[in-house]
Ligand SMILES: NC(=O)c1ccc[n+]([C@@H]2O[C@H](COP(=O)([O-])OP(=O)(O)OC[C@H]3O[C@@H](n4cnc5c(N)ncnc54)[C@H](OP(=O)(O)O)[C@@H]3O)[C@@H](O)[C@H]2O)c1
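Next up is one chain by itself, shown in structure tokens, the form predicted alone.
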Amino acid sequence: MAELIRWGIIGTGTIARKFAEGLAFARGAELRAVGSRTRDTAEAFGERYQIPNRHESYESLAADPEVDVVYIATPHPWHKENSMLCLRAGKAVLCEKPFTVNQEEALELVACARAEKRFLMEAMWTRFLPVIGEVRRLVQSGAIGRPVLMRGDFGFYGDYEEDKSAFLPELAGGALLDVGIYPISLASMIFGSSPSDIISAASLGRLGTDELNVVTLVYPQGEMAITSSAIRLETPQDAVITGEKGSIHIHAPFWCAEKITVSLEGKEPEVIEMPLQGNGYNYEAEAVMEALLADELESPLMPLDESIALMGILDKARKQWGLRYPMERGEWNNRV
């Protein structure tokens, strides 16, 4: 990386800590600032990761002249607001997944980025892992023939107290937005983001959010993706892509994979291992920095129109279950 890119982080929770740790492995990155809602949490986070600029408000971080790009690590309902704050302050933005709460918010956020002519990307870090890049290459090269079926799941057993935010409707909780976005985004990478049909079902828990769901995506040429996610059930957390000439097994946990097995007709299965450098978050950070140095406004691997389409898929699944969040006003958007 020829130039140093200065990062700021909004939020100080678990995902912010993971990103800060990953950023230490990203070439050309400097973690310059952190923004929190209180001075104490900003100071504690800054001390832990040796961050010089510590802001007790998000507005103060957005105005920091020593920050080039901001990672948004706040809960889902504040992604749009916090991202737009930074975009309007002239910062590039990497926004944690899911991109927003719904497609309507995603459209507003992307419109803001394009009006401000600032870089914006959804932080789907799995997309940028080395082994997922190899999966993409294999599929695009026709190694397994035309891909026709994908199966992927991400489920963990969450505790109602320790993992409380994952269940709360006021935080847009539930398995789909929390972890279901991972297999659905993988399906989008393989088959595209415009399924012709969506068939889904969910088990809503005691707080009213989905604790288990299955989403089947049907594509125009008959391809299918079967995805599931859960926050009260430990699942295998792997993924398999099957084509007309073979298959690719992405070993668990597929969302931070380091190993795949490629099985082709008439050949012995081949195991490909690509260990992570750092914790994996560094790869998406490097992709953002490369885009900034090239004066690009979005990533070719995680384009904004795809993030908008993915939020539409999540909306349609939730509509089938009747799951709406308190911050969603009025009727379902006509696009859903």
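Sequential numbering from 1, following the sequence displayed. These figures come from a predicted structure and were not determined experimentally.
One more form of this protein, predicted in complex with the ligand, exists but is not displayed; see below.
- Contact annotation: Thr74 falls within 4.5 Å of the ligand in the predicted bound form, judged by heavy atom distances.
- In the predicted bound form, the ligand lies within 4.5 Å of some heavy atom of His79.
- Looking at Asn53, you'd find every heavy atom of it more than 4.5 angstroms from the ligand in the predicted bound form.
- The ligand is not shown here, and in the predicted bound form it never comes within 4.5 Å of any heavy atom of Asp153.
- Residues placing heavy atoms within 4.5 Å of the ligand in the predicted bound form fall in a single listed stretch, namely 6-14, out of 20-28, 308-316, 6-14, 321-329.
- For the options Phe254, Trp125, Phe167, Phe191, the residue carrying a heavy atom within 4.5 angstroms of the ligand in the predicted bound form is Trp125.
- Although the partner is absent from the chain shown here, none of Lys91, Phe119 and Glu286 has a heavy atom within 4.5 Å of the ligand in the predicted bound form.
- Taking a 4.5 Å heavy atom cutoff to the ligand in the predicted bound form, the one contacting residue in 272-286 is Tyr281.
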